[in-house]
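One chain comes next, on its own, written as structure tokens: the form predicted on its own.
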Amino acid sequence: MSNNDVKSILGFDLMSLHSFSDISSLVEHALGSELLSFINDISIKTDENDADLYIVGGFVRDLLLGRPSMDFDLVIDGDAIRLSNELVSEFGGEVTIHRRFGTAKWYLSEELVSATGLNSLDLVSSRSESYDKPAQLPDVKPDSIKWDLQRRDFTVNTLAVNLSPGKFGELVDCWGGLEDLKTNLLQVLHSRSFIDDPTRMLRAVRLEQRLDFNITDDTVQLMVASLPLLDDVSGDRIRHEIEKILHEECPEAVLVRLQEIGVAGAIHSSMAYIVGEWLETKFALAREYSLLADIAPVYFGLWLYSLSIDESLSVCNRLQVSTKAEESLRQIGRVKSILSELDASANPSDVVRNLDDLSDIALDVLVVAVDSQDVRKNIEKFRNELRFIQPVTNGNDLLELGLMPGPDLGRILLRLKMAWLDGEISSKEEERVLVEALVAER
């Protein structure tokens, strides 16, 4: 079914959509025959337990927008834990139970993994939530699908489709999600939403930019009022949301909006004013380069590039980033201070001395970030060629020539490498002559 078909569905009266047959066609098309058959097996088992099975949240939102999505959540308005045990007994696999939240993760059998393309499936009992303190985990209790949808973050994520026999394709819209979907609006369900979970601010902006929606003025006001609560959120949780942002198609748009609303500065004061035209240009340039398979760490390095080393490390501490990421930022900061030594006048050996210990992340960030063409060319040359140049002679060869283990071995090998880099030698024979001279000098 085409996007125009989807739009025609959304053009109908809202009430008629609750049993509109084309929604079931959309679900069938999105899931495909193998996965649909698997879901039908689950729905039959759910029905035998006198419960209904729903597909909820972002999958339904994207389904009605004509956007591809295989990230779906299943909710059972009954006992998901009991159901998961029955499913494992009948279809195989293993299950991990989380009784506090009424959830189960079903690790599928090899046969089902092959058939469906899924490694696991989360089964969740419908429930309601309450928060004793801001930014803390909620208290949960079993409840109806209506109140399960009410605990979602934004109205457009409160839509559900019933997958049960006899009700397949029935749309559940208890909280105005469809109307906001039609008008491209993003808003929270209640005034305490960001108080309950301040990380929703980052998710709101990420979703707004991805869908080309508009966060409502009331929701923006609630975000601004809740900014101080980000201080109470762990760096790990905030970093997790930032990582999701950096995996978006154009994360710079999200970062700009976060800065406009004040979210970036609330996370760390050094991040309040670092997004601008330069950064937007560099993010676009990064997508043109052949960089690491995961571009997100490069985006992160570019985002913090204008900061001092101390400021970058302070941000790292706030976000609890990995030691690897922190070390890459240290390396970037060091090279920023000696960029003039990497200009057109630099010998290849000078380039290697200055860049030899850099991580791939640091190199990719610098290739994109530096504005000097000459410096960029030298970094690219090191990244693609110079760092792989090594002398033919190795440490064992030097030991056979009578040298004792110690620092002299390293110094001679380094001298040979630099000679190759600067064109002082260009053959095995020339290297052998230089080795003999260096050994004799000892």
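Everything numeric here is computed off the predicted structure, so don't read it as measured data. The first residue of the sequence shown is number 1, and the count goes up from there.
Separately, the form predicted in complex with a small molecule exists; it is not shown, and the next lines address it.
- The contact residue chosen from Arg257, Arg151, Lys167, Lys182 relative to the small molecule in the predicted complex is Arg151, the criterion being a non-hydrogen atom within 4.5 angstroms.
- Checking Arg353, Lys146, Lys336, Lys244 for any heavy atom within 4.5 Å of the small molecule in the predicted complex turns up a single hit: Lys244.
- Under a 4.5 angstroms non-hydrogen atom cutoff, the small molecule in the predicted complex has Gly57 among its neighbouring residues.
- Of the heavy atoms in Arg206, some are within 4.5 Å of the small molecule in the predicted complex.
- Residue contact check for Thr103: none of its heavy atoms lie within 4.5 Å of the small molecule in the predicted complex.
- Residue contact check for Asp73: one or more of its heavy atoms lie within 4.5 Å of the small molecule in the predicted complex.
- Heavy atoms of no residue among Arg239, His268 and Glu280 are located within 4.5 Å of the small molecule in the predicted complex.
- In summary, the region of this chain contacting the small molecule in the predicted complex, judged by heavy atoms within 4.5 Å and restricted to 393-401, 65-73, 374-382, 36-44, corresponds to 65-73.
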